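Presented below, as structure tokens, is a lone chain in the form predicted alone.
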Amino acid sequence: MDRRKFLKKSMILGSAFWLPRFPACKEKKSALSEKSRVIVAQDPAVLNKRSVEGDKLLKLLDNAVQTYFDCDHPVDAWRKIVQPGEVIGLKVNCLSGRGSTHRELVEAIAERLRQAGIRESDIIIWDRLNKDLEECGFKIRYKGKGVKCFGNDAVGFAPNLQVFGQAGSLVTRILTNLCDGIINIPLLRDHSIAGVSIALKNLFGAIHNPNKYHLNKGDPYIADVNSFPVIRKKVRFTIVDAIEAQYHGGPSFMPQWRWKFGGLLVGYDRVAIDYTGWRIIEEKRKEKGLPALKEEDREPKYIFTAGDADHQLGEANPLKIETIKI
């Protein structure tokens, strides 16, 4: 059975007894509810020696998103993110070749979006270039009934300059014109200049001039780009692909510095997600005998900038982040 058929069968079997009900999601009543919530979901079994286990990955995704929203069923949780009739973009990261976003995760997310009422033709998988997407195994599709997939180079950039702080860029029409909302699907990995490249850095793939913004380890530019009004408004949710992660030598694919994390980081707050992912990478570096990023002059200070009073993109204070490990 191919992956698509498997996912659809899993959805039918898993939803047969509850689709008519759609009970409301629960509200968390504890004092922790005021903190930025980040779900760290792990299951080493999602990745075997040959490939990703689709059924286990779908279950892991469901557990993570349902835990985030305190929902009993997956569709209820996804309807907190999207509404029927919307066009939803899935921002992947295909710059690392074999180390890029797993197609299995993107397909699982797309399947849940369909169950939540988003038409196949209203889902757009996208990144910077068509060739990057193709090299990662995605099939370019502009028209038809199926899920769309294409790069910024296929549609160009909106003419109005987006400006915040020290950054000024044109933003892809995929984000400005075609999509009502974006689900950010970055990677958990090291970055040789910025320290780490996770949720915030992934949005560099939405602008025409990311090469300009790597000075001073990306600070404040990464925070500034994420503060562009259209990006701040349209990024709905983040699901970090941490099935395989990289603790050194990034963003290029370096298999000697990768490890099987077997997980996902899920949440709304991109700053809190980046802080959490950064700490995971630091722990792995320590385990492997590597110095902290600060000692290599690569501490990702842009994460704190993104959380400051000028940007207010989220929480970088660990005392204000609720990390839930499942």
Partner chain sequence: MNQQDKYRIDLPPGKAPHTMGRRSFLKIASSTCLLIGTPVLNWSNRSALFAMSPDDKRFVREARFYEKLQHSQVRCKLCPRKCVIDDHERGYCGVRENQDGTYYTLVYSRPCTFHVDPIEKKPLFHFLPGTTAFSIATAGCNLNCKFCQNWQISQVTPEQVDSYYLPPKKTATMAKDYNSKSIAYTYSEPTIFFEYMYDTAVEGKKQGVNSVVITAGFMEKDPVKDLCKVVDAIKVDLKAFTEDYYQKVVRGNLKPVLETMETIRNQGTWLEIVYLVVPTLNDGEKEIRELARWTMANLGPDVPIHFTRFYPQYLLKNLPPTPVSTLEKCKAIADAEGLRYVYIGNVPGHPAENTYCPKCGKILVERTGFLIKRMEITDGRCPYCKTAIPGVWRI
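Residue numbers count along the first chain shown, from 1. Computed from a predicted structure; not experimentally measured.
Note that the form predicted together with its partner chain isn't included here; everything after this is about it.
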note = Interface check vs its partner chain in the predicted complex: of N209, S121, N177, Q83, the one with a heavy atom inside 4.5 Å is N209
note = Answer key, its partner chain contact in the predicted complex at 4.5 Å (heavy atoms) among G99, P74, G250, G89: the residue is G250
note = Given 229-237, 137-145, 201-209, 74-82, the stretch touching its partner chain in the predicted complex at heavy atoms within 4.5 Å is 201-209
message = Considering non-hydrogen atoms and a 4.5 Å limit, does its partner chain approach Q166 in the predicted complex?
response = yes
message = At 4.5 Å between heavy atoms, is W278 in contact with its partner chain in the predicted complex?
response = no
Its partner chain contact in the predicted complex: K217, any heavy atom under 4.5 Å = no
task = Consider Q115 of the chain shown here, and say whether it contacts its partner chain in the predicted complex, taking contact as heavy atoms within 4.5 Å.
result = no
